[in-house]
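Quick setup: the structure tokens below cover two forms of a single protein chain, split into structure 1 and structure 2.
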Structure 1
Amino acid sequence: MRYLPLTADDRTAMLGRIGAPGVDDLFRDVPAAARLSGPVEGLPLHMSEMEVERALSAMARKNLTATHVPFFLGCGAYKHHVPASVDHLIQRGEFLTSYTPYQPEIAQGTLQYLFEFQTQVARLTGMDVANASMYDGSTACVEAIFMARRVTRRAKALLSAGLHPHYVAVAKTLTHFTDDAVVASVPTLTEGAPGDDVAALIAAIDDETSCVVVQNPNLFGHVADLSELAARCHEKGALLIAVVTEAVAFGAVRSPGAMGADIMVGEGQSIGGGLSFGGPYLGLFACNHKHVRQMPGRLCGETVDAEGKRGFVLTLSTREQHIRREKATSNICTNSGLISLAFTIHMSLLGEKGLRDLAALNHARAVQVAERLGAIPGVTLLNGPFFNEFTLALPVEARPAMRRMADAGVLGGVALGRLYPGETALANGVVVAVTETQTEDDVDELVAAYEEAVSC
């Protein structure tokens, strides 16, 4: 039975109150070309459950998945091995069905693992405090820009050319509704430091700058020292926001906090999370202690109860549901609880030494693959220092080359022409990610596929 609480008279009264002639007028901001004028062509109006399963399975078989072919894609989402124990533990009923921990007397388990998650993120990033997670890396990045405006009372954000273009797009979309001005530029494939623009960012900081947003390692894999940039930001009264999209890099690259970052945001999918065709993922957010009251999301804290026993509470939650709207730091309504638990369990299984070993293995394998690909005639390795991801310049346009490789059963990298359509200077570039999951046979197939693709 359908639940329809409104009568026709109710709807008429509501539309009359807001001055809309009809329901269709509520969608007038949507371009007419984007609205459905009738049923979707080729989509049946109804099917049985078994027919739907069969149809969706047929669609799924068309995907070329990371588990079935040599896979070297990255650019913000990475294929790492997740121990089976992680999925087993997060699917226990106590975790899978737990609700928002508003009542600490019945939510100690949830509060404790969130506290442990925050502790892990703070230690990994070198920051004073971390929140209980955000939705994903891109929205965490925008929340950091909003936070910088609140802290500095300025509204201009400088975005590095090496920041993932999807993060840039999300920032532009959400700042469209605020007073923030986002300044971004197109990257250049400088040999030795692709996408690096630290010097240009330093020169661009002025008295109106609220923050500088830099991804490290950047989209192209380049690893930079942000210490000088941080110092220049602070001289001008601006904040440095460091973005990390490959969490395993924390095991090898100097932490954002150690380089002077004021806020660290990033994507935690690499630890405990699968690719899952894009989500759900895990936003990381950490900052210095002096800015903690401007931090969005939830913060779990440790305390003692009336009997002196250790316990956990929801210490800070400055969102609209809890305080006055004009005092709220964000309208984010929750955190990625289950995915943050997976992160925490995976990190606990690895430990500090395990993470460092995993990061060292990723880097060593990436160096080996980069050397082999860079030795192919016509292929140029553009990177100087990198972690597990690097950029190649091909003698041919990258998108068709990657398509030919995919048709041959090898996912060999992300063509920059896909991320930056219309930018001809980037059309021959491709980013390759290497992790612990690829075998020697995978690498051999990758090299052979590149040799074939660039010869066409």
Structure 2
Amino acid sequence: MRYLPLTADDRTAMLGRIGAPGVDDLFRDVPAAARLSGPVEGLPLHMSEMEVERALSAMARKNLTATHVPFFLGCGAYKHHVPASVDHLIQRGEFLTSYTPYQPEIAQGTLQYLFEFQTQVARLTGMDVANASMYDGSTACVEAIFMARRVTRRAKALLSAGLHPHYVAVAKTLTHFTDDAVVASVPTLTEGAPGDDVAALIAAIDDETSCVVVQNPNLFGHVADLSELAARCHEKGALLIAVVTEAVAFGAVRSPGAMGADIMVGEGQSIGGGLSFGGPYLGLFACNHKHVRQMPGRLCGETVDAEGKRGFVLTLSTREQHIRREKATSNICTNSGLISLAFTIHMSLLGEKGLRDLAALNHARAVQVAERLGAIPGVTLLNGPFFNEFTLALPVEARPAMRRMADAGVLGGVALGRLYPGETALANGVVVAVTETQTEDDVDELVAAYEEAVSC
């Protein structure tokens, strides 16, 4: 029992001081009917570190990993190269094994990086302020819808057809139990602007609308100018919520703030984070000054200590559940602390130059790959403008094609059939993401795999 320091002698001595005849006496409040007399049945006993490592490694080996094959998946989760120093630093015990920084005297390390994180996110998104992170993009998105209700005192949210369908599903699940109405439609694969419904959204805004939620770049990789939509929202007293699932795009695409968004929510996994089969990820949440007191989640603020030295504390916590109980702005108690630290460190390493270079590299490589794939007879590249992700229409159903490709060792894209299982109009679509991580060989294998898939 390598993690348990008490020895048999210790236990005896301690029971002596307590005055209990045995440890079971300490559990005497448990109803007799519920007391187990020994280890829970049906489960194995303790294992050595070596044995645990063997068992888990055996499971890990059964998965096809992104590093070891040509890998081109995106749709809300992206593979980027994360510098080795990021993972080194977040594993320092002082970060890894610390608690939520409620005791600021001994948590300035955490608090200062949160302040840096908030500043980075605010600048990246072109917004005034950001919170100290949330669970992930999808939960940040639904929190933004609730915030819009608090700000506008309206309860109808318009969701763009280009919004990630999982985000739509989460919004529908959580708003089912509130008074919010969520209006969402199925995307169309319009050539030149797949999933783009800005015009339709503008037309649909009415006096009941609390917010319009638009992802940009959208699920299909399409990049749109949201300025007119923002202006129209503001005319109608609604908020524009911009969603970004690929944070590297902040280095190349005009920011939500510059386009007039009121709230920006996003998935920050791309910077500092790994794929990790979908979690833990990093919810980004930013808004403008005037709405800050309606913002959910933790906030870190600057102050001074008793000697006048600059320091940081969690602040405006009257919004939060541990103070407000049932009147809190959200029920969220945990943020994505360590993942936000990874984001902060990676972003600090990049700096403005590095982020712009990284985004330019992603874009240029994606354009190259898109043109090669689009040139395959039978394959249509649907996108006009895009960043590092684009949608192809295949002459065959995409989901089985992607499965066969995976069996052959190429992860070639996300079939829209996976995300929209009932929608036959989308069944031949596939979204391909290109980042800095693929080699020329990977691209050649990808092209060959698509040629093969199309010819089947």
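One-based numbering along structure 1's sequence throughout. Quick caveat: nothing in here was measured; it's all calculated off a predicted structure. Definition used throughout: the rigid core is the maximal C-alpha set that superposes within 1.5 Å between two forms.
Review point. The same chain appears twice here, once per structure, so which copy is the form predicted alone?
Key: Structure 1 is the matching one, since it is the form predicted alone.
Review point. Would you say Ala13 moves its Cα by 2 Å or more between the two structures, aligning on the core?
Key: Moves: yes, 2 Å or greater.
Check your understanding: Would the C-alpha of Glu51 be classed as shifted by 2 Å or more between the two structures after rigid-core alignment?
Key -> Moves: yes, 2 Å or greater.
**Study point:** C-alpha of Ala60 off by 2 Å or more between the two structures on rigid core
**Key:** It does, since the Ala60 C-alpha is displaced 2 Å or more between the two structures after the core fit.
Point to revise | Once the two forms are fitted on their core, CA shift of Ala33 between the two structures in Å | key: Once the two forms are fitted on their core, the shift reads 28.4 Å.
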